[in-house]
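The chain below stands alone and is given as structure tokens, in the form predicted on its own.
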């Protein structure tokens, strides 16, 4: 078997996949464990509250987790893989709304209309915890920390949308995107400097409201400046401090 450290090759980063936990321990990327543990609840106590969680998947790349207009009955926490949300207009033009990593939740924007307002599409093989929303609402009413966690996740999505609507340069947008991904992986215990980009250049460009050629040029420039190393979709951040400085206008304090 050939080594992955041959000249010019980036080593492949560990795959961010959740374990299943056990009877007393939350799985590694549980979207709600931190809130529950902080409130003093462990896994057996949550079982007694009858918070029904269903493991679903696999969904292969390109498959839908839900579609625009589907009735809203559950939210989905990503256990493994990456997901994009998108809207498609009457002319078939796609607008990418966001990307979701292990430990993050999709479907929160359907709470009010009670129908999903967008599609969720797997970018690679993905698995989920499906939370019945009535059961989750009952849990939130008993554990304020869970309710606050839901509110924080909703607030973060709204904040991201408003930032992307601002007047920012391509360099700022791409740098902020890379640093945002790095931070989200780090929070979940994965590498903050080496990771796989599950999304295509076209999807990144669409999300950042840029042309795909512009994103490619910015990545090439960052590479020539020794800010990143990139091969295909394998990315290494060589100078995170400088990238953060470039994208600071779009990043939280």
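Numbering follows the first chain given and starts at 1. Since the structure is predicted, the reported quantities are computational estimates derived from the model, not experimental observations. Think of the rigid core as the biggest set of C-alphas that the two forms share within 1.5 Å after superposition.
The following text describes the form predicted together with another copy of the chain, which does not appear among the structures shown.
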Any chance 113, 133 and 167 all have a heavy atom within 4.5 Å of another copy of the chain in the predicted bound form?
yes
Taking the partner as it appears in the predicted bound form, which of 77-85, 176-184, 118-126, 144-152 has residues with heavy atoms within 4.5 Å of another copy of the chain?
144-152
I'd like to check something about residue 209: if you look in the predicted bound form, is any of its heavy atoms closer than or equal to 4.5 Å to a heavy atom of another copy of the chain?
yes
Look up in the predicted bound form whether residue 156 has a non-hydrogen atom within 4.5 angstroms of another copy of the chain, and give yes or no.
yes
If you check in the predicted bound form, is residue 140 within 4.5 Å of another copy of the chain, heavy atoms only?
yes
Given a core-based superposition, decide whether the C-alpha of residue 93 shifts by 2 Å or more between the shown form and the other one.
no
On a rigid core superposition, would residue 149 pass a 2 Å threshold for CA movement between the shown form and the other one?
yes
